[in-house]
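Heads up, the chain below is alone and in the form predicted alone; it's given as structure tokens.
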Amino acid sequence: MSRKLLLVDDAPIIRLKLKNILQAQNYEVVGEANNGVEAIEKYKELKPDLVTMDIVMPEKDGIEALGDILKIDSNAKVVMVTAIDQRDSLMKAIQLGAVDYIIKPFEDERVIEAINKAAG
């Protein structure tokens, strides 16, 4: 079962909240990144089973990073994390190959549901 996670968000508090929720479910957070460029580097280095990816970030947004990660690994499992007003970007991410999404501010249960589904 997929257990190693990479958390990508430019807000440290969001990464911390996700980390706390997921570690309580026995997921191992192997890395964190705060922009898309870092996300790609860490993905190549850590080869996580799953990635949570914010959409709006500096340097390279989550949509671009998702596309780049899927070029590196077509089987990558990426769950997008987004604010409710980013519906167009979210649809683009799903079309690109994101496996699920979480809307901020998120509920613990929704995070667990999305990650378990993606890890499935």
Partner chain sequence: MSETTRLDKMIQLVAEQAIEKSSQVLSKLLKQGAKIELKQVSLMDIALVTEKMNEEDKEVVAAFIGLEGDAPFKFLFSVGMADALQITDLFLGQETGTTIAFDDMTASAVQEVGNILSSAISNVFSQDFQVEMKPTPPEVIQDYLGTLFQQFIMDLAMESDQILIIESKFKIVRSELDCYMYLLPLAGSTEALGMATGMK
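Numbering follows the first chain given and starts at 1. Given the structure is predicted, the values throughout are model-derived calculations rather than measurements.
There is another form of this protein, the form predicted together with the partner chain, and it is not shown here; the text below is about that form.
Proximity to the partner chain in the predicted bound form holds for all of Asp9, Ile13 and Leu16, with the criterion being a heavy atom within 4.5 Å. Contact annotation for Glu41: none of its heavy atoms lies within 4.5 Å of the partner chain in the predicted bound form. In the predicted bound form, Asp85 approaches the partner chain with a heavy atom inside 4.5 Å. Put simply, Met57 is close to the partner chain in the predicted bound form: some heavy atom of it is within 4.5 Å.
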